[in-house]
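A single chain comes next, written as structure tokens; it is the form predicted alone.
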């Protein structure tokens, strides 16, 4: 152990996106020593890719909005599998977190009288998303960084966590390597907060950045933390489909929030054909009324393009599969049509959607003020993840906390757009606060030299296999995994395909045990991928196993062989825990508190 450089902190935050930064700021404000590990450089977290806005019931555009309506919308969107206590805390506290961000310097778009402007988004009854054009995540990260770097946080850039370290049942720290030289580093801490984001890169087509491989979810699982709701993966309806080099790149829901419509190759607005029963009283099949809704008419019903993401994604998939898709295998998203309604439409679009305009102009040579975009579903978000306590964000492992996308419970079976950014703020703060309290109440655990040596040896094993005749290429295994998950565990699932996926995962695990890399340890992508495969395979198995068990269709999980909801499965969450093999069990859903049940009933 003496051969490894060791850093000591009260609280270690793994991840430097919105949740990690907010957690680090709060823990530091509580007076404890905080270290924050970034896999990349500070400022390059995936949160910057969040575009549409941050959901909070400020009521600036429609004063009928309040936390109770937001609560009912979030529970309905999550198909009532949400942890209702998390939803209560979230919807009550989100407005304060957004105002706090504004006080720290976030420059939001404004209403005519100078308040924070809010826009419509799928599944939200009222305009609720505070935004900065279509660059909201970027502004959030800029603000949190500018505030956070003055809080005495030690920041470790280009470090990758290999594994968590434990003293008995509790957390003692983590082992990492620096990507520049490949040298192992030890972090000794009283508490650890995992804020590592999602796992989109285990699929072939994804809006996620390169480092969203589910690493945080996996290291928590291997440290003994429980996972829940892993079957619920959100496929965002609108990602780019052309050119191939940018396939999957996100097209914000804000395009539809500003009046964009979806059409098939026949020019038909196909979303009118399929409006779910529980949204019919809020959704209009009248084009004029839908347009008025996007322009802030309080009495108009929403257009069907602003239904929940799981539903819109399946409708798009249906059009493509039945031969009504665009030339490159998507459908058409048209915002240019608003020139019929607004005289200065091109300038209006460029002002409201500057990133989208430049994205299509530069990458696809498409002018969205004049032409339709080609779009198709892309793996975007996982509702499942690490099981946490609603109030403290502590996992089932003492001293280990989680926040953001890698933590589960808030979103249930499906996340509403915009809820992710406010999730980062609300539960990032709570995780930082709770971790600091835990650190003040506990001493550091002991580090085991044997444990550290075993983990470092395992991480270096790929170099020792370079001369083996049966060695495997890490990039090929990663590619095979992504293809398999896209084909067999995608938007629509069946028992036959899920069983095949689990069998193929066993084969991929056998191949991963033979993975090899050469060269030295500094900036070695082959080695990095070889280490990451363990995490990608772990998360993929948890998703496939949970998807096989849930024999119904709900939210982001759709079974072609069980297309309806099951009353029995609607009352349980699925949990994955570590054993000799993955253990799956059903957890009865906690009964909704009477006053919250009344809120749901009043807002149906």
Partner chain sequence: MKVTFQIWRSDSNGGQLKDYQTEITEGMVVLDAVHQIQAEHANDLAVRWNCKAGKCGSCSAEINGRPRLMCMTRMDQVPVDKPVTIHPMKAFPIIKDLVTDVSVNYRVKKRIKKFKPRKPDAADGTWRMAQSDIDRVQEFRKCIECFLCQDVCHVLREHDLHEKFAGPRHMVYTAALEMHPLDVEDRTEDLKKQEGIGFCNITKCCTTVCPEKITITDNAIIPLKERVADRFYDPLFRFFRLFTKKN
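Residue numbers count along the first chain shown, from 1. Remember, predicted model here, so these are calculated numbers, not experimental data.
The same protein has a further form, the form predicted in complex with its partner chain, not shown here; the description that follows concerns it.
So its partner chain isn't shown here. In the model of the complex, which residue out of 160, 74, 213, 143 has a non-hydrogen atom within 4.5 Å of it?
After the contact test, the surviving option is 143.
I need to confirm a contact call. Of 286, 151, 265, 278, which residue comes within 4.5 Å of its partner chain in the model of the complex, counting heavy atoms only?
Checking each option against its partner chain in the model of the complex, the one that comes within 4.5 Å is 151.
Indicate whether residue 503 is a 4.5 Å heavy atom neighbour of its partner chain in the model of the complex.
No - in the model of the complex, heavy atoms of residue 503 and its partner chain never come within 4.5 Å of each other.
Does residue 497 make contact with its partner chain in the model of the complex, using a 4.5 Å heavy atom cut-off?
Outside the cut-off, so no.
Examine residue 426 and determine whether its closest non-hydrogen atom to its partner chain in the model of the complex is within 4.5 angstroms.
No.
Would residue 355 show up as a contact with its partner chain in the model of the complex if we use heavy atoms at 4.5 Å?
Output for residue 355 is yes: heavy atoms within 4.5 Å of its partner chain.
Choose one stretch from 66-74, 47-55, 567-575, 554-562: the one whose residues place a heavy atom within 4.5 angstroms of its partner chain in the model of the complex.
It is the stretch 47-55.
Residues in 233-247 with any heavy atom within 4.5 Å of its partner chain in the model of the complex:
The stretch touches the partner through 242, 243, 244, 245.
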